[in-house]
Ligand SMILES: Nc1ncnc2c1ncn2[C@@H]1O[C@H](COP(=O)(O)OP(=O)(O)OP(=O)(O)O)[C@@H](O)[C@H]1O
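Presented below, as structure tokens, is a lone chain in the form predicted alone.
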Amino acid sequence: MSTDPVLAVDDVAVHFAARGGLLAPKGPPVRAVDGVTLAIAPGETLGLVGESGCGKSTLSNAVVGLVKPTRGSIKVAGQEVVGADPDALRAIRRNVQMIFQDPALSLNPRMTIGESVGEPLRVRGIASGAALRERVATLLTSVGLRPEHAARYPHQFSGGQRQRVVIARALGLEPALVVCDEPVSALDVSVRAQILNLLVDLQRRMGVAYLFVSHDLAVVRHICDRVAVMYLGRLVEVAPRDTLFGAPKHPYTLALMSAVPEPDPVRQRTRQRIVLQGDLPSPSRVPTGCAFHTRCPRATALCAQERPALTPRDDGALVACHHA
């Protein structure tokens, strides 16, 4: 198996121009993603976590070519996404597929399940006729559905079953990377574990890599090999899962961890909750220096002046903090 990264993101920024009103002048650009560098190895799952509005979904959309980066490089299986023409992007997308948050909105209500799952194969000329129907039946079986379900429509399925259909469609082209953007947040709690276990099982069988975007740290801890923590468009900590959850180093990561409910009521009552002060700054007016310094309990004058770089630590973690 190749050791080259399936996904290589280098100094990627995505800035959106601000809209000016009738009387209001045009403001500074919105820095949704502001200089992100990361890589995912074959068969690895990298979790991307952070508050709503931190840039997680924007980065994932840029990876699959749905959003054009302002600068930087994104390579999927060695092929450059940024600046690719439509034909090149079409070829790249065979290696990277996406699972969106809401399965009900991901499927065309006028198409049968079989048509939805088989469409990527038919459009690319991979299979047709009886071969296509057989391939669709195999894909449905692989995600825990029955071949006869191919004749039904999305409204005839539960939310968890629809997400299984979306997963089958994403894996039909045998991609090297699947971007999972909050794939279980729209599902009932009782169904989430089934879908997560399905993703783990499919990864074990197919060797596919995942970029797993989520705000649920319990889910991330269950499925991910490494975790990247994002704040205002920047990565503040990247570490192996056990390292991050066992000994988080960045103050923002510590605050996120303290907000996760503890199933043991005794431990929940005794644990210390870190409550961040102040509001999340606007991504159009990111603070100078460390973007987190306006809410950080450890902040000093240095933090307001100098932006910390992601620095490697002895335990394999990368941390962007002057006082970690």
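Counting begins at 1, following the sequence as shown. Everything numeric here is computed off the predicted structure, so don't read it as measured data.
Beyond what is shown, the protein has a form predicted together with the named molecule; the following relates to that form.
Participant: Within 4.5 Å, heavy atoms only, one stretch in 53-61, 290-298, 251-259, 37-45 touches the named molecule in the predicted complex. Which?
Facilitator: Selected range: 53-61.
Participant: Would E182 count as a contact of the named molecule in the predicted complex, using a 4.5 angstroms cut-off between non-hydrogen atoms?
Facilitator: Yes, E182 is a contact residue.
Participant: Answer yes if any heavy atom of V30 is within 4.5 Å of a heavy atom of the named molecule in the predicted complex; otherwise answer no.
Facilitator: V30 belongs to the contact set for the named molecule.
Participant: Could you confirm whether P283 comes within 4.5 Å of the named molecule in the predicted complex, counting heavy atoms only?
Facilitator: It does: once the named molecule is placed as it appears in the predicted complex, P283 has a heavy atom within 4.5 Å of it.
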